[in-house]
Ligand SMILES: Cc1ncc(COP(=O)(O)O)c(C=O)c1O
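Let's start with one chain on its own, the form predicted alone, as structure tokens.
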Amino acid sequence: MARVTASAIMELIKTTAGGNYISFASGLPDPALFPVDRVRELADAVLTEDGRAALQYGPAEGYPPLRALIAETLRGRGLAAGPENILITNGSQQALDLAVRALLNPGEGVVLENPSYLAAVQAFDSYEARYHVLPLDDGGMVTEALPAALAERPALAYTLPNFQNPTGLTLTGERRAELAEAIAGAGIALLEDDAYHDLRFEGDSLPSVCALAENPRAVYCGTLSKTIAPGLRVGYLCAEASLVVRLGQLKQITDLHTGSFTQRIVYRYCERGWLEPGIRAFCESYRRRRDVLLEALAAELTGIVRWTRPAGGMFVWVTLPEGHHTGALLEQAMRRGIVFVPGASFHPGGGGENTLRLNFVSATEEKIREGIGILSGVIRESLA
């Protein structure tokens, strides 16, 4: 428990709740895009046609038709998946937690990107992990640094290859193959977090890292939170059938099962063919907002700071000159009505004080322009 701390993001959400802020901080999807009417219709249909089962306890592994549907989806991503390979979870965060609990003993090492997903780092911290961090460049994780990290004999490698949180970067196809082969060759577990897979605005999908090399301790995690609604709390993991059995036993200890009602809603939503149009609506809206954010950064801060250009997802990563601290910058920004997440929290290997994460999916296009104008003034003043 000594290493269990509050999320900087959740603390910001609490601090700014009810305030009149333009928020670039959280990764909250735009609620205006949630399919409220369709979920209402499906909820009524589930209660009418299958209400008693929907309100009853269910199997720890998940609602069988939903497991089969997700397995079919993942086969399209190159994964050898049948229903027996799928475990339905309470969001992908629970999938990460269960996998780490099963695959990492206290004090063992984790290979991961630096910076990396904050909530994954919190999960690793809660199991007393040691870190072997790899730098990122425009092609994602720098796999040239893998041999030195693997020489330290870690137990697990973690990657978020598509539109990484917090940087928005995507791991190249060549590096995916290198990572998969190196991890399998080292005989260690692989945890692939693909929460943003469907939020692609441009370019072709790249192969899953887990699909590129045989690894009996590979776990692939995904979620419907980003493509339907996070409040339904339906995520999933894919792994060898024997490992799914063990992870299911851990889930029984944790929460018995994911909600029977919401699983049925999600299944029917997908079965009716509503998922793909919903994904397109999210992507079209988020692509426009990304473009507005990038245009505003270019107009206001070219030559002053650097930033990533994500091909999808929710985030842009901004780097100030060395020696500048974005934690202090946040205080000034909040006084002027905007919030962002300072980058140090995302660095398990330390550093990152001169970085920050901007979310482009929560604010409107107009508010994004206004907010970047304010942020630009704060940054210019700090650098003066």
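The shown structure was predicted, so the numbers you read here are calculated from the model rather than taken from an experiment. Heads up: residue numbers just count along the shown sequence, starting at 1.
This next part talks about the form predicted together with the named molecule, which is not shown.
Not one of Asn114, Thr308 and Phe346 places a heavy atom within 4.5 Å of the named molecule in the model of the complex.
Contact with the named molecule in the model of the complex, judged by any heavy atom within 4.5 Å, is made by just one of Ala195, Ala81, Leu156, Val244: Ala195. Checking Ser208, Gln263, Asn215, Thr223 for any heavy atom within 4.5 Å of the named molecule in the model of the complex turns up a single hit: Thr223. Here the chain stands by itself, but in the model of the complex one stretch of 286 to 294, 84 to 92, 183 to 191, 134 to 142, 84 to 92, has heavy atoms within 4.5 Å of the named molecule. A residue is said to contact a partner when one of its heavy atoms sits within 4.5 Å of a partner heavy atom; Thr170 fails this definition for the named molecule in the model of the complex, lying far away. The closest heavy atom approach of Thr227 to the named molecule in the model of the complex falls outside 4.5 Å. Contact between Arg130 and the named molecule in the model of the complex is not found at the 4.5 Å heavy atom cutoff. Put simply, Leu160 is close to the named molecule in the model of the complex: some heavy atom of it is within 4.5 Å. Taking the named molecule as it sits in the model of the complex, the stretch 165 to 191 comes within 4.5 angstroms of it through a non-hydrogen atom at just one residue, Asn165.
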